[in-house]
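Just the one chain here, the form predicted alone, laid out as structure tokens.
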């Protein structure tokens, strides 16, 4: 007999029911998960056969839960729950329960297997949430209103329709980006309000609850027109990165037809000034494009002077659905000649560390913060000597890294060396001590971001003891982050 469990849309309710059901030994096929918040009726469809079960199921009795066998789930699963639970479809609860059930039945390393069909479902959901968050960061547009109760007598309001239930998850991003202004983000699901002290959440709101114009829009549209690059116009890529569902809240989209009509004139003007030097890679990056298109476009980048140094740009390498990305500094002499990352002496050290950790390199995406090889002049026929890229090189090349990691949407990111770490965490980041344990933190690119030593730094270390400690730190970081997170970090399950 199939048991129907109706949730109230919250992760806490799922945790409570999942723990009790697994404790009772109820298999996934014995449960029908219902969630009115995520059902088609939440979008306005007519009630279906199960309309009478829309009231949330009573939570399991706490006393009975205490008597149930202890349930421990690996950190990789527990950490993924808050993100995946934002998925806007009630199938998310079955997908999460299936994996929890299999882990509880003894498959402790399940989350480390990207080829498993059930894990792949969760990864697709997680990546969908990541893409939706990326678009929310890019497409929320605030409009100013007078508000005597707000700081400075003004509040900035935006209306937005996310594809998934991410408002509470992403509120901290906007709090960090706009800490000095009072703002509200209104969506059909939930609304977030910041007053300089805390973020409050209220029920969803309709489109007409937000203003549709303010005096700043003309200035913003002028800015958008000034950065519109006619040389990179590709309508399909524009629509992929800026879907039409967002256009009614984006003031700049109203002038896109006019800007497109002006492309021939602006191309002619750009041709006359073709010798001008770009100050960033941004005009050359097809944001929102898949990795194949990024690789094809990269050789044409002129975002810094390194494109003039006689080397070619080296693109990242690996599958677009990789769950983990390794980020290095820049290609070396061997890598530049072959056009592939990490295949020289440093690559040999990395491959050896991956072997120790039990990781297949072909399952990873490997790239560099800077795509060209910066080097010292060398005698003819000799190996060109590495020269560390400056923070300006890293900053100018950042758009490529942003586009790559948006396409991959990794679960984990490993920064190899100081340059890679500073590309992610900022120029003041300091490397850990070689004897310190690997530490995961959240970054804008991945939920789990770790920093360890660049293989080339290990090769250059003059003190054998320090070199050994750095190598051990590299191996421990790879093993703890990639090889089997289910076995290395476990904690009690949801609830």
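Not measured: the values here are computed from a predicted model. Positions refer to the first chain, counted from 1.
One more form of this protein, predicted in complex with a small molecule, exists but is not displayed; see below.
Contact with the small molecule in the model of the complex, judged as any non-hydrogen atom within 4.5 angstroms, is confined among 151-159, 321-329, 284-292, 167-175 to 321-329. This chain appears without its partner; in the model of the complex, the one residue of 346, 111, 421, 397 with a heavy atom within 4.5 Å of the small molecule is 346. Site annotation in the model of the complex: the residue of 132, 189, 90, 335 reaching within 4.5 Å of the small molecule with a heavy atom is 335. In the model of the complex, the small molecule lies farther than 4.5 Å from every heavy atom of residue 38. The closest non-hydrogen atom of residue 303 lies beyond 4.5 Å of the small molecule in the model of the complex. Of the heavy atoms in residue 410, none are within 4.5 Å of the small molecule in the model of the complex.
At the 4.5 Å threshold, heavy atoms of residue 316 stay clear of the small molecule in the model of the complex, well away from it. Proximity to the small molecule in the model of the complex holds for all of 342, 368 and 454, with the criterion being a heavy atom within 4.5 Å.
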